[in-house]
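First, one chain by itself: the form predicted alone, in structure tokens.
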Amino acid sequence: MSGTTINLERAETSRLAQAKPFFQKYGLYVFLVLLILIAVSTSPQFLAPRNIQNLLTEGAPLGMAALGQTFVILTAGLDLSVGSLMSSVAVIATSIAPDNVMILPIFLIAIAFGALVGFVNGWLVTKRKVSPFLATLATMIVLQGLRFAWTKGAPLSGHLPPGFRVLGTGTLLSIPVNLWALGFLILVFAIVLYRTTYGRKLYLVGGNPRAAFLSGIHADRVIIAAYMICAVLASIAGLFLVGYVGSVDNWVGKGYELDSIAAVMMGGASFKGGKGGIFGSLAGVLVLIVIYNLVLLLGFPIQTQLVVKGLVIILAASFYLTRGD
């Protein structure tokens, strides 16, 4: 009898060992499907075409921010200045002449500004050896101060080129324009991460700095480039966000830094670096926006929304067993 029990225990252990790799790789996607099923059963309005379109339109800027945050977290860093940078870029966009002709110059200015902010963050982390937390926190505060000095603390409205509303809320072939933009950015940066030498260096620098050093990789350059990519994508996300909102206050990007980090970490990344990827991060984004949408449909107060959001993030992170930290 005892032998049979032992055999059963061994069989159960073997099944768990076989199942673990599956959940390590696909756990978050399973959790996302379960979350969607819960949303559908709880609120029939969830699958309404209009609601799906709103969900995707609102989620695209967060997807862009998480895409950039993925590159930084792969280096064992993080970027707390993302939300403040998005707000700052939104202020820049509304401070320039309200003419559709200015849309391209506004994008170029925002990208250049983001690249500068990202370079400063990367320089502080690599050359001055400031921790990523403190470096990007300081940048966040500096951007906030500059923004308030420019706006005098007052919200800006009515100065946005009308074309930005199309970018933020319009559709093309029944698909949100900003989702097309997110898809293009995913394609570009997936190629960068998975099909270029830089992507391989990024994983090596984050996952095994010693091996990267022995391989002759200039880790500082790789890390600075990651922070610049993150900031540029945050700037682009800020422009699409202001197009969606239509007016700007000084906090329009508030919370995106933490949400983007949460999405990336749920997607299988590690603060130790070298682990994670774009598609896991995007799955994390989908988990967050489904939560936001569901609690909105159910009419929960903001306090309950925050509690539910935090609990689901914990549950998703526990369900998706990829840490091995």
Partner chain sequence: MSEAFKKVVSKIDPSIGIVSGLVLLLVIAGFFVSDRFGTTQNLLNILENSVSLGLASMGQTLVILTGGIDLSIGGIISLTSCLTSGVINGNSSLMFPVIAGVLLLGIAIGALNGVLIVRLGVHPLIVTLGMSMVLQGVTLMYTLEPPGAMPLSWDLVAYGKLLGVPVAPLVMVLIFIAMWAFLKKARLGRYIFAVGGNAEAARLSGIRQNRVVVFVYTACGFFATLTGLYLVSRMGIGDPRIGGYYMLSSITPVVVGGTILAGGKGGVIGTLIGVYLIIVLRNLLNFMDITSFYQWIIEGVIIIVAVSFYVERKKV
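Residue numbers count along the first chain shown, from 1. Just so it is clear, the model here is predicted, and its values are computed rather than measured.
Same protein, other form: the form predicted in complex with the partner chain, not shown, and the subject of what follows.
Contact check for Gly153: a non-hydrogen atom falls within 4.5 Å of the partner chain in the predicted complex. Contact annotation for Leu298: none of its heavy atoms lies within 4.5 Å of the partner chain in the predicted complex. At the 4.5 Å threshold, heavy atoms of Trp180 stay clear of the partner chain in the predicted complex, well away from it. Contact between Leu258 and the partner chain in the predicted complex is found at the 4.5 Å heavy atom cutoff. The single contact residue among Leu78, Leu241, Ala226, Val91, judged by any heavy atom lying within 4.5 Å of the partner chain in the predicted complex, is Leu78. Only one listed stretch (167-175, 102-110, 120-128, 181-189) carries heavy atoms within 4.5 Å of the partner chain in the predicted complex, and that stretch is 120-128. Using a 4.5 Å cut-off to the partner chain in the predicted complex, each of Phe271, Val307 and Ile314 places a heavy atom inside that distance. Shown here without the partner chain, the chain has Leu124, Val125, Arg128, Lys129, Val130, Ser131, Pro132, Phe133, Leu134, Leu137, Ala138, Met140, Ile141, Val142, Gln144, Gly145, Leu146, Phe148, Ala149, Lys152 in 113-152 lying with a heavy atom within 4.5 Å of that partner in the predicted complex.
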